[in-house]
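Two forms, one protein chain; C-alpha cells for each follow separately as structure 1 and structure 2.
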Structure 1
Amino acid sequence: MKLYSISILRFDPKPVQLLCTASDLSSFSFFQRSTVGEFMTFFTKTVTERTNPGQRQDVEESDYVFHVYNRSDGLCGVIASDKEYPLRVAYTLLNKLLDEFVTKNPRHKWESGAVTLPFPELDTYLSKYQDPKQADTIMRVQQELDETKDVLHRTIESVLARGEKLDDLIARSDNLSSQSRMFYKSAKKQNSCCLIQ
C-alpha cells in the first residue's frame, strides 16, 4: 500500500495550475523515476481538468489509482497511489490537506497566475500516510480495538483455566479435610483408650 504523490492544484480560474506537489518515487528504479514523475504530473492535470467542482473521483490507470477531490472553492487535491490503498483514507487525507492549505495560504495568493506555493507539510504527510493503518485515526482505533479484543479473549481463556483449577482445589481440600478429621479421631482414640503397657 503505497502513496506515490500528492498534489494540490487550482481549478477555478481556468488554466489548471499546479500549486504544490510532493512525491515519493523511491519504489521505482533510478532510471524510471523521471518518466514516472512526468507521467504522474501530466495525469494529475488531466484528471483535474476532467473533474467537476464538488466532486470526488477515482481514476485507475495501469498500476496506479488517482484519487481526485475537486472542492467547490476552486482548489483540487490529487493523490496518486497503488490499487490497494484504502479510498477513505485517501479522501480523508485530501480533506485535511486542503483545509490546511487554505488556512495557511489565503485565497489571494493562489488565485491568479502561475504560482507555486511552498507547503512543506505535504512531504511530512506523504511519508506519514505511507502506512495508513497508523496514520488514519479510524484505522488506528480499529486496530487498537482488535488488539484489546484479542487480549480479552486470552483473559477469558485463562479465567476458564482458573475455574478448572479452582474446582480441582475444592476436591483436594475436601479430601484433605476428611483425612485430617480421621487423623484427629485416631489421635483422640489413642489418647482415651487403654493405657500402654
Structure 2
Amino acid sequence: MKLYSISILRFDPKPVQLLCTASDLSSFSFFQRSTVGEFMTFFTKTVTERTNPGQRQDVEESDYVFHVYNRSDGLCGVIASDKEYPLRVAYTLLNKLLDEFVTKNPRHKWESGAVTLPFPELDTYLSKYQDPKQADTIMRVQQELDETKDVLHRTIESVLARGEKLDDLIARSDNLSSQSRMFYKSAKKQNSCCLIQ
C-alpha cells in the first residue's frame, strides 16, 4: 500500500488549475521520477476535468489508482496510490484535506487566476497516511481485532489439543486400573494356592 501523490485543484472556472500538490516518488529510480511526476500531474488534471461536480470516482491506470473527489464548491482532491490502498481511507483523507484547505485558504484566494497556494499539511498527511492502518482508526482497530482473533484461535486449538491429551491419559488410566485389578485377582489366586494350612 503506497500513496504517490496528493493534489488539490480548482476545476471551476476552466481550465483546471493545480493549487497545491505533494508527492512521494522515492520508490522510483532517480531517472524515472520526473517522468512519473509529469504523468501523475497530467493524469490528475485529466481525471479532474472528467469528474462531475459533487462526484467521487476511482480511475485505474496501469499500476496506479487515482481517487478523485470533485466537490460542488469548485475544488477537487486527487490521490494517486497503488491498487492495494483502501478506498475508505483515501476518501476520508480527501474529505479532511479539502475541509482544512478551505478553512486555511478562503475561496477568494483561489477562485480565479493561476494561483499556487502553500499548504504544508499535504506533506504531513502524505507521510502519515503511507501506512493506512496507523492513520485510520477503524483500520487500526480491525488489525487489532484480527490479531486478537488469531491469538484466540491458537489458544482454543491448544486447549482442544490438551483435551485430547487428557482423554488419552484418562483412557490409559482406566486401562491401567483394569490391568491392576486383573493382576490383583491373579496374585490372590496364586497366593491362595500357596497357603499352608
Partner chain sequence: MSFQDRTAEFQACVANTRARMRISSSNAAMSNALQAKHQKSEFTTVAKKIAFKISETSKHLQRLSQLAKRKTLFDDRPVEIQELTYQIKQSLSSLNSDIASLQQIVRQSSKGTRNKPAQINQHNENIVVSLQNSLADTSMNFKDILEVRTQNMKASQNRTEKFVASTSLNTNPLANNNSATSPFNYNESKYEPNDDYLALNLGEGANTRYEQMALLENQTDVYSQQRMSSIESIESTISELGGIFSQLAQMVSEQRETVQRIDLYTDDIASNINSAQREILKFFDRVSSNRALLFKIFGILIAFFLLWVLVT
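Along the sequence of structure 1, residues get numbers from 1 upward. From a predicted model like this one, the values you see are computed outputs, not experimental measurements. What we label the rigid core is the largest C-alpha set whose atoms superpose within 1.5 Å from one form to the other.
*Matching structure (the form predicted in complex with its partner chain), either 1 or 2*: Structure 1 is the one predicted in complex with its partner chain.
_Cα displacement of Asp150 between structure 1 and structure 2 reaching 2 Å, rigid core superposed_ = The answer is yes, as the C-alpha of Asp150 shifts between structure 1 and structure 2 by 2 Å or more after core alignment.
*Could you tell me whether the Cα atom of Gly54 shifts by at least 2 Å between structure 1 and structure 2 after core superposition?*
No, Gly54 moves less than 2 Å.
*asked:* Quick check on Glu164: with the core superposed, does its CA move 2 angstroms or more between structure 1 and structure 2?
replied: Yes: Glu164 shifts by at least 2 Å between structure 1 and structure 2.
_What does the CA of Tyr184 shift by between structure 1 and structure 2 after fitting on the core? Give it in Å to one decimal._
In the core superposition between structure 1 and structure 2, the C-alpha of Tyr184 moves 30.1 Å.
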